[in-house]
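Encoded as structure tokens, the following chain is the form predicted on its own, with no partner shown.
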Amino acid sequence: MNLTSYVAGKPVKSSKLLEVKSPYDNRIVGTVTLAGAEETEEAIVTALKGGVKLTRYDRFSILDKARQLLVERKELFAKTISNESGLAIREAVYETGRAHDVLMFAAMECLKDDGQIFSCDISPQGKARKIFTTREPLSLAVCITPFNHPLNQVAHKLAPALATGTPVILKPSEKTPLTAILLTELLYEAGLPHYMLSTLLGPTKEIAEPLVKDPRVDIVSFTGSVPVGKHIAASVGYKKVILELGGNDPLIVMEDADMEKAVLLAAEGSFRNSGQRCTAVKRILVHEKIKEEFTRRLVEKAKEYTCGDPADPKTKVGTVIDEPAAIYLETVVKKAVEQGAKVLLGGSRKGALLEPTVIKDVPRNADMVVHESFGPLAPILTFKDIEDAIALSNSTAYGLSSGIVTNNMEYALRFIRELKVGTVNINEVPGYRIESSPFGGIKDSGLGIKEGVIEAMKCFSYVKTFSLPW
């Protein structure tokens, strides 16, 4: 698969190529023609110059057509996701369904008007006027996406921006660029005016850094690591910024939990997508009264999550993104063992393949649970009561999501009130959501600015107020 960066629909012509390799077997699965500083400037100028202004119905039609095309080509997209990320093909197919929903919800929102009307004669100081609000698109957005969810993360940036009429320059991860470029081409085919979207791959100093700092850019939307996110925040200048960073999400299993549900949620949350989700279960916090039964049953459940060739439909867990990532995960497991933890299942590594791993007796100060471990690990920690569970959950620098397994409404309400996170899901995994619902974290997980189609559309636009005699 030979693809290219695009400047407003125009393929970049360059001798510089990026080879994209499969994390599973290291074979070349595609190449991308790289852009540079000249193309970055051209993309900015072209976007700001603009073109035909899209009506709400135009935007709806383009996004809905893109949705239909994605359904027709879901096998191609799923195969591409799996090839370049090492994600199990069943997970890649699921991701195409999620991206479909993003496009569908964004298309639907194009047909809505969230404007408000304020009567001005409601106070002694008022007049016979009415104030109206409407939303206007920003002039230019820069969107930077990570390697995990190489289709859905990109769709969550592009679809809301395009739904508002805001032009975008996309900089996808160099580890998984193929899917992003396929989506770019699909949007062009669906009728998107070319000035509305450029997709650039190239050196950071020639692409990402100039885009982030350029004063002509109105908003930077970034999903990725905490260090890079904080660097962007420090250098972005006077513009809007959306930061969707890491997570260290707990699944908290109370003593009254439905054990079967708790075990299923722990396994799904820890191992789906090879554990490479910001909202994956990174810490399993279990009440000490039920730890033995829970641990035994989780080990048995985890055996069902077969690890191997991502292209095999029977494989449930593919690779992590590359071998260095797998080596890091292997290292944090070994360090935890040195501190007293016990590996009950898995832990073996072959290249970028890391077996789903269940670890018990994990110390609270182990790197594995203090920092984000982005892989198929299921570390079990225990707590003595709800106060201890809340303190343990809140003890990390992150504050993205959480899942609570309980049938006690008082427990549920207390967790909702006291956990310092952006989302609390009762009897669900931390990452549960629909594509239009608000999503985002606090602390090192983000600035509290929500994404999700509806909230992101607010970010990619601004409110204009006007009044008339009435």
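None of the values given here were measured: they were computed from a predicted structure. Numbering starts at 1 and follows the sequence shown.
Beyond the structure shown, there is the form predicted in complex with a small molecule, which is absent from this document and is the topic of what follows.
- Contact check for K171, L245 and L400: all three have a heavy atom within 4.5 Å of the small molecule in the model of the complex.
- Within this chain, V320 is remote from the site of the small molecule in the model of the complex, having no heavy atom within 4.5 Å.
- The small molecule is not drawn, but in the model of the complex it has a heavy atom within 4.5 Å of P146.
- Residue contact check for K112: none of its heavy atoms lie within 4.5 Å of the small molecule in the model of the complex.
- Proximity of G224 to the small molecule in the model of the complex: non-hydrogen atoms within 4.5 Å are present.
- The stretch among 171 to 179, 125 to 133, 307 to 315, 190 to 198 whose residues place heavy atoms within 4.5 Å of the small molecule in the model of the complex is 171 to 179.
- Think of it this way: in the model of the complex, the small molecule has a heavy atom of just one of L345, L392, V332, V228 within 4.5 Å, and the residue is V228.
- Residue A208 is the only one of V93, V236, L76, A208 with a heavy atom lying within 4.5 Å of the small molecule in the model of the complex.
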